[in-house]
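Encoded as structure tokens, the following chain is the form predicted on its own, with no partner shown.
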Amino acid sequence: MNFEFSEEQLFIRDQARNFLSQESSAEVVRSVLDTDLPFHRGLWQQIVELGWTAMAIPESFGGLGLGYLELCVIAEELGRSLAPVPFSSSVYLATEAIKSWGSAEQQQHYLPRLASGELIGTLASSEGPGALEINAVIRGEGLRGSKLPVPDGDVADFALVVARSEDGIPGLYLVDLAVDGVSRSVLTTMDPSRSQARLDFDGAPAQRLGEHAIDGLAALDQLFDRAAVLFAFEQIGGAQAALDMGMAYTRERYAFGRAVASFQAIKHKFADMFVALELARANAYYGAWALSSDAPDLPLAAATARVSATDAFYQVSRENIQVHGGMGFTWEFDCHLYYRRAQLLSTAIGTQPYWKEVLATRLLAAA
């Protein structure tokens, strides 16, 4: 069992870090945050041209045919740079679902277009805060109901919608978001650099995912487990960047003739931040191994990675503001960018209480 990335994967990570450090700076993030732009289209086009959207798609469908580990190192760098692009919605969720459960015809139609960036996809599962409830329903061939929040739902070309058939069975349905019967509205969130939307369906045409009916809730659990590992890497990337920012500031900032970083109280904060981050990193690496090897303990590894990475990113982004003192709370400093993203990612694919309950349930089952 090897928890280190290969030389090729580390090379991909270094190339991604170099690229994003130049093309996804804080100014780029603010250009989306401060305007009505839903995402940075120039950065997205460059990411597509680099082949990141095609990374885990088989070569037979126009992809690069690489694996989850390569996707993990990309996810970490996207999190480090706070890239304002719809990558997670389209790659972790929509692409993965079609790869796993789509019919041959659906895969042939969607995967090459997702790989080339021609299409952006998303997953519409939630219908509001709290536990997952499915009131959206298929009547005939039309979908009726509402979904919110839907990540990148305002810019996606299609959505995989969790809905019930007329006989009440949950399933996944492909819905073109540009057709009649679909209306979208942008939601106000903590982090406008990654947009969220409400989707309302009034008889919109919907196509069942797969050649045969699948258990929609079981498929959703599997999809969330895979995405949880990838989101964990985004979170540890963001947490590492916030930690580095706090360290750099306190080494340069002086008070009473000493660097702020030399004060014992600040050292304690950084020690706690470091421990939380390293715990999350270890769990994320274990999750990556389980995901890439299709290990039977993936559900437990994914929940552990998700919980620890969410806690770490929140703690580090919050303490980064604190160690900056009064300046850390101002709009001019970039600390709030990481705090915003930490809050947003903590609600992706389920909130922290949901994942803690999942983790506890799986631990008890394993025992």
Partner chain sequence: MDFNDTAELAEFRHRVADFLDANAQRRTDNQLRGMEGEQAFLEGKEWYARKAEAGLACLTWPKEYGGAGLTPLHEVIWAQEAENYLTRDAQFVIGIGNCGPAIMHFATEETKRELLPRMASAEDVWCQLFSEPCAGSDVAGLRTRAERRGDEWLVNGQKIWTSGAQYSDYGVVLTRTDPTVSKYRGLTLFMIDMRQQGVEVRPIKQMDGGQHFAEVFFNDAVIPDSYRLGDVGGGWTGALTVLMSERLAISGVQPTGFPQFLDLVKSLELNGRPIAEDPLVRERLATWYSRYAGLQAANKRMITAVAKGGIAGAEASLGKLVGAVMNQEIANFACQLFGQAGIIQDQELSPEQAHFQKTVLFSPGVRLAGGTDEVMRNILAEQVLGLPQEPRADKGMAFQDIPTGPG
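Remember, predicted model here, so these are calculated numbers, not experimental data. Positions refer to the first chain, counted from 1.
Form predicted together with the partner chain: not shown, discussed below.
Visitor: Please state whether every one of the three residues Asp272, Tyr286 and Leu359 places a non-hydrogen atom within 4.5 angstroms of the partner chain in the predicted bound form.
Guide: Yes.
Visitor: Based on heavy atom distances of at most 4.5 Å to the partner chain in the predicted bound form, which listed stretch, 133-141, 211-219, 85-93, 260-268, is the contact stretch?
Guide: Among the listed stretches, the partner-contacting one is 260-268.
Visitor: So in the predicted bound form, does Asp202 come within 4.5 Å of the partner chain, heavy atom to heavy atom?
Guide: Contact with the partner chain, no.
Visitor: Can you work out whether His109 and the partner chain are in contact in the predicted bound form, taking contact to mean some heavy atom pair no more than 4.5 Å apart?
Guide: The answer is no: His109 has no heavy atom within 4.5 Å of the partner chain.
Visitor: Quick one: does Thr53 come within 4.5 Å of the partner chain in the predicted bound form, counting heavy atoms only?
Guide: Close contact is absent here: in the predicted bound form, Thr53 is far from the partner chain, nothing within 4.5 Å, heavy atoms only.
Visitor: Indicate whether the partner chain has at least one heavy atom within 4.5 Å of a heavy atom of Leu43 in the predicted bound form.
Guide: Heavy-atom contact with the partner chain at 4.5 Å: absent for Leu43.
Visitor: Exactly one of Leu298, Ile321, Val307, Leu33 has a non-hydrogen atom within 4.5 Å of the partner chain in the predicted bound form; which residue is it?
Guide: Of Leu298, Ile321, Val307, Leu33, the residue with a heavy atom within 4.5 Å of the partner chain in the predicted bound form is Val307.
Visitor: Can you work out which of Lys99, Arg164, Arg226, Arg281 has a heavy atom no more than 4.5 Å from the partner chain in the predicted bound form?
Guide: It is Arg281.
Visitor: At 4.5 Å, heavy atom to heavy atom, what parts of 68-89 sit next to the partner chain in the predicted bound form? List them in sequence order, or say none.
Guide: The stretch 68-89, when checked against the partner chain in the predicted bound form, contributes only Leu69 at the 4.5 Å heavy-atom cut-off.
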